[in-house]
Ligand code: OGA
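Next up: a single chain in structure tokens, the form predicted alone.
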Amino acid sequence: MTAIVDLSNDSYNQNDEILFARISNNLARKGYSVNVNALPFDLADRLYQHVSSLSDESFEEAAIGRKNEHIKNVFVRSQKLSWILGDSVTGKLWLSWADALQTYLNQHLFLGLFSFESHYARFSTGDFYARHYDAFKGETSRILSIVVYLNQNWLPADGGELVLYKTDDDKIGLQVTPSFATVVVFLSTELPHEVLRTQRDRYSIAGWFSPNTTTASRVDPPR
């Protein structure tokens, strides 16, 4: 028997509303929100099963920069990624959930979020991502960043923590364990962050919400 999957925003339950409200309140108060084991577990499990089944050919080497300015720099970033384009049921479910969050945040924080892009990230043993911003002040792209972790039974010795820094001068930061279904959302231009070196394969989703800055001569963000 084929399962019928409801992809509409109306399918999300009260727990999602509670999570969305917590994210909204945290963003308004401090610019970031860390929610341990908060993504619906059935969705998180689907995402994990999907990413862990992808072949090596499905992943590309991560780069830094945007569009044609992408360059590979192994001293800054070592990981592989696979873009989520909505060409699978699991991808559609994830994008629908992200769309519901986008709608909620626009209604409550008036952020003007227009588009969303995301990819699976696979960190192999020894991989890391040096301290960086997802966007710089004055840029018209990427307002809000989201990270979701898909790692079961993650131990302190496994490393791979996300470190969020509240200011450029912050040397300690807030360490986030990449445990299963943990959802982290933060302002892209406000919080520098890094991923510490991982000691085992580490899976996550990284995504960015952007405004509509399309002009007569340019479509941005790219659709």
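Residue indices: 1-based, along the sequence shown. Quick caveat, the model's predicted, so the values are computed rather than measured.
In what follows, reference is made to the form predicted together with this ligand, a form of this protein that is not presented.
Student: Looking at 126-134, 83-91, 110-118, 96-104, which lies within 4.5 angstroms of this ligand in the predicted bound form, counting heavy atoms?
Tutor: Of the options given, it is 126-134.
Student: With this ligand left out of view, which of 39, 162, 185, 47 would have a heavy atom within 4.5 Å of it in the predicted bound form?
Tutor: For this set of options, the contacting one is 162.
Student: Residue-level contact is defined here as any heavy atom of the residue lying within 4.5 Å of this ligand in the predicted bound form; does residue 79 satisfy this criterion?
Tutor: Taking the distances in the predicted bound form, the answer for residue 79 is yes, it comes within 4.5 Å of this ligand.
Student: Test of understanding: in the predicted bound form, would residue 206 fall inside 4.5 Å of this ligand by heavy atoms?
Tutor: Result yes; residue 206 sits at the interface with this ligand in the predicted bound form.
Student: Looking in the predicted bound form, any heavy atom of residue 144 within 4.5 Å of this ligand?
Tutor: Contact with this ligand, no.
Student: Taking this ligand as it sits in the predicted bound form, which residues of 167-205 have a non-hydrogen atom within 4.5 Å of it? Please list them.
Tutor: Sequence-ordered list: 193, 195, 202, 204.
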